[in-house]
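So this first bit is one chain, no partners, the form predicted on its own, shown in structure tokens.
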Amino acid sequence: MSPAPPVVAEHLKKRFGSVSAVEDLSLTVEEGKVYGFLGPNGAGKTTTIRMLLGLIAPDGGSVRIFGHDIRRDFKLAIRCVGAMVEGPAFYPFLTAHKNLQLFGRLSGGVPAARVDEILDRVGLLRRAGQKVGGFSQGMRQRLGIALAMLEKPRLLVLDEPTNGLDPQGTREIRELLRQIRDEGETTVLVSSHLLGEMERICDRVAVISQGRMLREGSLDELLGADDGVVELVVEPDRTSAAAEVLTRRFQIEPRRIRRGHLELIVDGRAGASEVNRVLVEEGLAVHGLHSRRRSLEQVFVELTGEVSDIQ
């Protein structure tokens, strides 16, 4: 018998008064992967994660963590899980090192060497002796990730882990999650509205909006292994003419990036070479042309029509 997946959620529902926060949502997180749980702010990501971790009870549906029902067998289900949800809370008058030691005692104690090791992994070892009250929001986020990883969990759940981080800090967290995945001992479930960042690290993603699952699958399944986007460059004063030709010949409305630059989602109806042939045939000079896969942001917009809160 194959081992139970780290997370299996089936038909989750949650309402707050008259508001439906999560509606009939199911997902499966495979072992050893980085699973991206994606959507704009207010999509229901945090509510879902709180149900997955047993922090709030669903109005319907079930959650199993490594085969254990989160409501019936909470201690067994949660014992191999590390999590950071809705921002970490620490004792501001204690140092980063003392905070981690204190929280580690709740589960029997953690060696000081392990505290130093995990602070080093999140880039806070040099600040280990400083009081958390003087930390920036980004430093608190790093410390929250350190706490979630403190006891080497089999499942690491991070809710918006890059909140408050500058671009360099965001890159460091991205690299950290890649390292965790490559080590192969910890499965990562990470929620974010930063679709571009998640595209760089996730093996599998789920896109939700207004509490409903819109699409779930591997990056190849969502973005398309072959079909994608054709970008082309024409004479600036022929941009409109090129757009008209592409619409007429391929029945696809191109997006104008700027003067002389167009973007066309082809979806099997045309490739870069065919686009080039048609434009030349119509007397339009092509100065640049290449194909690329769609981005998660483009897939999200196609699914929902929403563009707010995604980067």
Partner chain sequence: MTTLLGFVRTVARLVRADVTKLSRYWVVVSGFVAIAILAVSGMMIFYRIEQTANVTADSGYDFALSVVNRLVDVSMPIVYVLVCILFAIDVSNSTVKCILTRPVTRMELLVSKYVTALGMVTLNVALLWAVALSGGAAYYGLGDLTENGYVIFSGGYVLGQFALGTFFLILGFASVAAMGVAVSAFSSTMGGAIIIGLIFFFVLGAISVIPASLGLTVSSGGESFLLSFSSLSLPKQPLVPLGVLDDLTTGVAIESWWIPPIQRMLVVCGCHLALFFTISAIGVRKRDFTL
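Positions refer to the first chain, counted from 1. Keep in mind it's a predicted model, so treat the numbers as computed, not measured.
The same protein has a further form, the form predicted together with the partner chain, not shown here; the description that follows concerns it.
*Asks:* Counting heavy atoms only and using a 4.5 Å cut-off, do K75, V81 and E151 all touch the partner chain in the predicted bound form?
*Replies:* Heavy-atom distance to the partner chain in the predicted bound form: all three under 4.5 Å.
*Asks:* Report the residue, out of P111, G217, G196, G87, that has at least one non-hydrogen atom within 4.5 angstroms of the partner chain in the predicted bound form.
*Replies:* Among P111, G217, G196, G87, a heavy atom within 4.5 Å of the partner chain in the predicted bound form occurs only for G87.
*Asks:* Do R64 and the partner chain share at least one heavy atom pair within 4.5 Å in the predicted bound form?
*Replies:* R64 lies outside the contact set for the partner chain.
*Asks:* Check P236 for me: does it contact the partner chain in the predicted bound form (non-hydrogen atoms, 4.5 angstroms)?
*Replies:* Result no; P236 lies far from the partner chain in the predicted bound form.
*Asks:* Do F103 and the partner chain come within 4.5 Å of each other in the predicted bound form, heavy atoms counted?
*Replies:* Yes.
*Asks:* Answer with yes or no whether S107 is in contact with the partner chain in the predicted bound form, where contact means some heavy atom within 4.5 Å.
*Replies:* Within the cut-off, so yes.
*Asks:* Of these, 174-182, 113-121, 237-245, 67-75, which stretch puts a heavy atom within 4.5 angstroms of the partner chain in the predicted bound form?
*Replies:* Selected range: 67-75.
*Asks:* Going through 30-57, which residues have a heavy atom within 4.5 Å of the partner chain in the predicted bound form? Please give them in sequence order.
*Replies:* Heavy-atom contacts within 4.5 Å come from R50, L53, L55, I56.
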